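Here you get one chain, nothing else, as structure tokens; it is the form predicted on its own.
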Amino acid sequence: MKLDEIKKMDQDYLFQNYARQEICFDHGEGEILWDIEGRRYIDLVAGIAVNSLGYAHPAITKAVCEQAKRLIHVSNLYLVKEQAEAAQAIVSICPPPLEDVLFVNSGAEANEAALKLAAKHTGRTRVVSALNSFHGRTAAALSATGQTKYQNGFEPLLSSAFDFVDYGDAEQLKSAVTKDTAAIILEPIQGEGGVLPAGEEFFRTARDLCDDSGALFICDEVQTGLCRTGRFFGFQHYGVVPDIITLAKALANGFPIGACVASKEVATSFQPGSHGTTFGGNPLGTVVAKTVIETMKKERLDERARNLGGRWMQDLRSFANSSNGRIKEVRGKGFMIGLEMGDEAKMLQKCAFSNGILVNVCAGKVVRLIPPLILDESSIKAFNNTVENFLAQ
């Protein structure tokens, strides 16, 4: 099928709620994608930080094929061996007291569950979130998102129980927490907001405020979790442990799954009937999740992202220093890197695309690099060459 035919079918049969680029991919291997016309692309987007093991990773392919032959779905009315094994794998990389797991189908669902759990556990009515944040598009998760552009038109469905502070402002955070605060929800690095790290003081203040007030600290690790920042979790950069973390994206390398992880004390607030999901924790998804975690540990992808990503950021900062202000800042951690470029961000994205490299622009002005963690150094060099050539224009 040709691209024009696919485009017509898209327009005829699909909601037009995505601003899609006019390209359609056929297959991939490692960090490389090939479109339906056979053109090759280096993928530095990874399905928006999802395909951390790249494409056609043999361990994932084997796990999917073998489990699909056995059992794809059963109800949560029954014990699910694969679900328990995946939960054990997640807990193996979590610091205490994070030791109980609830599986869902996406990051938004994981955040919905976390917010419900905090309200149920504390019996309180308000939640503190950060401006410029992004937590998902379901009702509570969208309410917690500090960007009105995502909320416009949906106000009748949104909760008014959220108090927003400037991301990184510890003093505002102190003023926002009251006796009615059930939780603080924060991203360790704001992804959609422009690859903005929180900073240790901000996270330590959130932890201390929750300890003092009895609120719960929810860490949204949907994008930052699972080696993306050079540690298994983004909060580990700040020397704190939250009460609840949420995971999705990289957890099953493209198979839809999410997870809410909490201490046993907090988790017991959900009893039968409190919360549930039809598809969450199905055998196929959880087998893949277990395989992803095992592979990340075996291949030491946290170290790889930390070391290789750190060197990459040094290269990019050297370009920024000689760019006469065209690259305003390079920030991030590990393989979560943002180049703030203002109006030129889209121009660099277009230039990269013409050179067979896929990058993403977030917050309208930041080139976001969130590649597979198995990224080869030759692909990094190819992007660096593109940046050099772009800046020379």
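Here the structure is a predicted model, which means the values were calculated and not measured. Don't overthink the numbering: it's just position in the shown sequence, from 1.
There is also a form predicted together with a small molecule; it is not shown, and the following applies to it.
Comment: 107-115 is the region of 91-99, 264-272, 107-115, 231-239 lying near the small molecule in the predicted complex, near meaning a non-hydrogen atom within 4.5 Å. Among the residues Ile184, Ile244, Val222, Ala144, the one placing a heavy atom within 4.5 Å of the small molecule in the predicted complex is Val222. This chain lacks the partner; the member of Asp163, Asp315, Glu192, Asp169 within 4.5 angstroms of the small molecule in the predicted complex by a non-hydrogen atom is Glu192. Not displayed here, the small molecule is approached by Phe134 to within 4.5 Å at the level of heavy atoms in the predicted complex.
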